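Quick heads-up: it's one chain on its own, the form predicted on its own, in structure tokens.
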């Protein structure tokens, strides 16, 4: 009897174990789900893999604070769409933040991009990182402002020396070939700052001996700082006849100073770039005229050159994106109007 009971107990235990095992079976199915879910995960990752298949090109500008850079950004985005590449566009808050721009370049290199477009705030500060990029086979394309290095495969930029020399010719013409003028530049470290300063100053020295340049100042492209600098120069030189602002921020600083001191119509103001305030000043006659670049073309050409370099195609080392003089007489023309951003 006891043996029968023991047998029945064992049989019951076997039945229970069997039932538990059967109930546990459905739980095992989800455990296998990662294999099925693995396909779902791969589907989610597919866009990232597709992105990885497209070249990634960080575009590091000199800043964001001026409309000029927004126009450059637009051009680079158009090229990215045309050439099926991924880009990012960034720059420091002001054109005085060389260290911040170097940090951006370092971060871009850490992402192992296919190429880098770079507008240097300092012609030499980035050279160690550019050398690292070169050693890793990452092409560098300069735009707007080059560097003192042969590492970049190309630089898409305005001929700033020639453009500033044209501004000097216009200044001489408008002030009658003699008198005092001043120059306000965004910086003395970037290629654009150096070339625009030298292009203007050297042209005056070579061709116009009766014109005296009383001051060359550097406002960092900042409107307020540039305004203060220009006001000090105008107040120290009441007989000043002309003022050249070598970028958008510098030119706006000069315009502000002229307005605040009530000197409209007394000082010939020549600017560089465009923007709503400069355009309005040219229309109203407060600014005699300005040099315009082709910022959309600069952005487009730098990305285009980067794509060519990635594909092993030949790239022109210097890509001249052009410049023009504009004033109230031609700023609405078919040739000039598309180059004047707000």
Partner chain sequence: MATAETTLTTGKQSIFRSSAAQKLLAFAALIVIFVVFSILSPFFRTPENVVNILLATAVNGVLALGVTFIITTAGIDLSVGTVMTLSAVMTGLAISIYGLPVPVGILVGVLTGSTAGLINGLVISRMRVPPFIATLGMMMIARGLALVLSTIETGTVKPIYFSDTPVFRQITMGSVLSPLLSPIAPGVNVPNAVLILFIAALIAAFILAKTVLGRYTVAMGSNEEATRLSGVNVANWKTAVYALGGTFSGLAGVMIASRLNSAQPALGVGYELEAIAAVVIGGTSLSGGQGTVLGTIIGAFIISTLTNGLRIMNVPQEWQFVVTGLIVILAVYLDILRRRRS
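Quick caveat, the model's predicted, so the values are computed rather than measured. Positions refer to the first chain, counted from 1.
Absent from the display: the form predicted in complex with its partner chain. The rest refers to it.
Proximity of 229, 256 and 277 to its partner chain in the predicted complex is complete: all three residues have a non-hydrogen atom within 4.5 angstroms. This chain is displayed without its partner chain, yet in the predicted complex the stretch 257-265 from 124-132, 257-265, 170-178, 146-154 comes within 4.5 Å of it by heavy atoms. In the predicted complex, its partner chain lies farther than 4.5 Å from every heavy atom of residue 110. With a 4.5 Å cutoff on heavy atoms, residue 162 does not count as touching its partner chain in the predicted complex; it lies far away. For the chain shown alone, residue 294 is not a contact residue for its partner chain in the predicted complex, no non-hydrogen atom being within 4.5 angstroms. Using a 4.5 angstroms threshold between heavy atoms, residue 138 stays clear of its partner chain in the predicted complex. For the options 89, 208, 83, 218, the residue carrying a heavy atom within 4.5 angstroms of its partner chain in the predicted complex is 218. Contacts between 222-244 and its partner chain, taken as any heavy atom within 4.5 Å in the predicted complex, involve 222, 223, 224, 225, 227, 228, 229, 231, 232, 233, 235, 236, 238.
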